[in-house]
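Structure 1 and structure 2 below are two forms of the same protein chain, each written out on its own as structure tokens.
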Structure 1
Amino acid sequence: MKKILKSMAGMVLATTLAVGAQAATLKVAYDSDPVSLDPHEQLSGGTLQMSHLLFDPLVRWDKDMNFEPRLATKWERKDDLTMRFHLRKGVKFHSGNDFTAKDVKWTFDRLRSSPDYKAIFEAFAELKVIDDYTIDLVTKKPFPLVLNNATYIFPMDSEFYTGDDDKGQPKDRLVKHAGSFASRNASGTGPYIVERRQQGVRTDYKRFADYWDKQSPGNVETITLTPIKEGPTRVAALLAGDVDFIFPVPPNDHNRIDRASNSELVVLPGTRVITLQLNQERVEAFKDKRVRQAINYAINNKGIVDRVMRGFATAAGQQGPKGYAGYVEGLKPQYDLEKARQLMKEAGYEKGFSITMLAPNNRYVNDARIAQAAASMLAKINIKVDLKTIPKAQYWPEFDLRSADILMIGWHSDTEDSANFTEYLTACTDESTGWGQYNSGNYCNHKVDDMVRSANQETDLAKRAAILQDVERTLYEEAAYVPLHWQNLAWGAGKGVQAESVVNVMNFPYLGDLVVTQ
């Protein structure tokens, strides 16, 4: 049975079912697993899914996109620059250490040093500790997204991460793909601890006996996460009863799950945009706006949605989907092959050129097939593509190196706001602020950056939306990147797994609250 979620009704049902529920085991199969246990090493969906298992944020989004208290119990604005948070008392870390304001301060300072996360916190001046259970978040200028950004503060156990490891390296060392102490060990306040982990093979989680949230309906005692890269294999494992919960479900397998008596398909509209970035530092032709426009005209977004995604996506012409502040109704996909050929001729590239393209093959729904379709479409304007697709674990280090002429990147706004797309994907790269951290196309327009900064200081929501809409129009006209589609979400759940109560549009399932009935 397919369930399309639009409300909190499923959560109410799950809470009712939790009464008298027995402790359960959950076997999970995702297309990949996090590259690290360090919540600050990489800003990715996999990392954030893990963070909601091992750590807790100050606040989190509920299904209706409202803010729900977690390690912060309440908050109030003190002045235009200051938001005060009151912290939950009596919370223990996995190590047994007490959670206090010093851990939030330590985590905040570490986040601001993270290449991946610093852009989210660029608007902040400081975090002030008022007492053991009170903090102030202070911004440099009036900032409308303080609570949005607070969903990314998952306090770490500062005492646990203090000192040197057995290699003589600082335990709090923050480095990518280097096997640091924090990438191999975790102490958070979350509902689960890691019992065993072999990255890329299996991770075993056990419920934390001293977890603070005694009101949680969750009854899952142990979770085993096994990455299964191939979609049909993942689906077959669910239907055979070998696993209980899977993501993603490829569009061409939806009916298999929907027809089965022992499983359920749970779907949500998605807000993650899938894009291609055109590296202007590697390819001279990409500096010419006409060539970038030609590529956008050559790629049939709707065709990819219809044929590759089986309709389970929405063709995109801009970064943020409908409902986001910057969305512009008139910015549609631009497919027009004759217009693309005309622009290539005007730019002096009628005979085309050769490029490399790199994409993951287990990160986004049908990612490799999307890349293959795009490459074949570019051949029609004489751009010859040498395409390589690789697993996610190998892809991100290559992405960080900008090691191909075209790279694929999908993005779900970290703050559920339009500005975040630009800050990470199309802003001029700035290591000091973290802006442009995932801009492998090296597109740079300082006027666009200035508009986003202006929007981030504007508390009048209508004026802010108008600024962000101008940003989208500029990026569209300049063909700063190639928007493909917004990816919808589909999970498969075995019998008795009340998945509809814990999934959300961010794709951070709150498995600590999951109810499984026998």
Structure 2
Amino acid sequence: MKKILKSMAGMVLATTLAVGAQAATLKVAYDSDPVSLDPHEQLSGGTLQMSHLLFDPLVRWDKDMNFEPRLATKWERKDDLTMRFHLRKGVKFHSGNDFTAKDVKWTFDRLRSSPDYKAIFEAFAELKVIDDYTIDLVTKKPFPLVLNNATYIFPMDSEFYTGDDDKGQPKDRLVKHAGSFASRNASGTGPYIVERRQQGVRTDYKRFADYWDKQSPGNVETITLTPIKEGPTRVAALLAGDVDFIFPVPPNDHNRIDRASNSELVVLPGTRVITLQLNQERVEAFKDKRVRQAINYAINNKGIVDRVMRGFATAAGQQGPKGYAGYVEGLKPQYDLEKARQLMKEAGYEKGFSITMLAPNNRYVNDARIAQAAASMLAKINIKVDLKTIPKAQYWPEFDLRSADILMIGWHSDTEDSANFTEYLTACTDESTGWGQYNSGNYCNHKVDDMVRSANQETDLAKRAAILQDVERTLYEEAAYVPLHWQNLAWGAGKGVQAESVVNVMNFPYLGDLVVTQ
């Protein structure tokens, strides 16, 4: 019944749209530009935004974090190690070539040679072509995140990328620091093709006439994408009507966009968590759980969200946001100054101590101000903080050296999964597996690592979620680090741009499905 209603609603929507749905032009301004037209060159928001325009994934996330079929129409689990995907028939690449299983295989093999994507596809043994429209993804061990990873498989036109370019280099060459054929040319199955591109200045996209998804209500014929770095300029361009769609909107400008008659603000809770790590190798006191807890109690996450972030964030008590497998409803942010002082006293640090703290000043929303707020909060339990904030370009080398007592780090899970946070941020540092690569707190609990390892092989998703929730609980009780908040996401849209229906928490708006009314 629900389904019928839904499809009826869809029909009504489609007819109303057919009346007003004329080909529209959309001018978009983001804060950054994809580095290349090659979807495998860099794993970044910009690249993924571009991939959803030029290419199409096997499956993609919908608004409720479920999987939506794209180039794969259905999938089923064959056994513990194998997931079978049925591919869409009659799909054309921009070059005119037909899309088949061999393109998926070609893309998969190329992905595994990409430095940026290698780690994501580590769990896979191979991709087997069964017939032209069927493939099997085979993992080395039972692996629960096959579909999550399938959202990264954007099939490329294997024929188009075969052969040598005019410089005598193979067309499928994948390099970061020198131009390649694939970084300048693209043929995917996506809703748009690149018409003109001036890197860093402007890219023009035109709707692909043979796009397979005729059901899509999208009516945007051409897209002009201009990267506008400065927040105020981006906002001004929207308010002046020079662009129709912007991201991100700086917190200070939310009201202006909301109030203006020709624009609207779309806000979603984000999935990037901002945390502070307490370096136990450098500070003896941080080895004491009571001190770590005291710090957690002393920092007022909610206050930072209200005052520094102007409400544009969700205070966090754990790593993964709501909607993720490991999310535990009960783990609220802790704030109790009395309790914090009490814990410091118990640990024998009533008089406090002095530490250093390092944070970036242009990486996360209001990062430097968050760090200042946290530092002043720690002063209340007699911890004197010597805070330094530096640009991100200089920050990462310092972070790798773990060169301060408290370091700030934000993390978004590439797999939209809870385990990813622990693997990078709170697992024991292990250079051979890469676990704990960003664990500058040097927190190490082998029990937690084992739990995550077993979760990564648990294909029963309910059981798996239970394990990951246990992980969050343990980290919370141990005060392994200081969770601050999840950054929200905000887009600004001009009149008639129905942005709300195409934006998502991963921040790759499905512009192919965007409807613009005049």
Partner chain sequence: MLLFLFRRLVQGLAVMFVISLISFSIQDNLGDPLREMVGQSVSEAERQALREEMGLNDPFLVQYGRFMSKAVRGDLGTSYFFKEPALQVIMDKLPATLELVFGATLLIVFISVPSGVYCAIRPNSWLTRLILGVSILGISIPVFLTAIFCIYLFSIELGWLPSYGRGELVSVFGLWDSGFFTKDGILHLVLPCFALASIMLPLFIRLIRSEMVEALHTEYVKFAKAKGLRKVRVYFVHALKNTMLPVLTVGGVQIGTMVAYTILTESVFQWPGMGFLFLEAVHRVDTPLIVAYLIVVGGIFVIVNTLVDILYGLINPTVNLARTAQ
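Every residue number counts along structure 1's sequence, beginning with 1. What you see is a predicted model; the values in this text were computed from it and never measured. Throughout, rigid core stands for the largest set of C-alpha atoms superposing within 1.5 Å between the two forms.
**Q** Specify the structure that is the form predicted alone; exactly one of the two qualifies.
**A** Of the two, structure 1 is the form predicted alone.
**Q** Where does the chain hinge between structure 1 and structure 2? Of Val283, Leu81, Pro269, Glu350, I only need the one at the boundary between the rigid parts.
**A** Answer by hinge criterion: Pro269.
**Q** Once the larger rigid part is superposed on C-alpha atoms, how many degrees is the smaller one rotated between structure 1 and structure 2?
**A** After superposing the larger part, the smaller part appears rotated by 30 degrees.
**Q** Rigid-core fit: what Cα movement does Gly311 have between structure 1 and structure 2, in Å to one decimal?
**A** Residue shift at the C-alpha: 3.7 Å.
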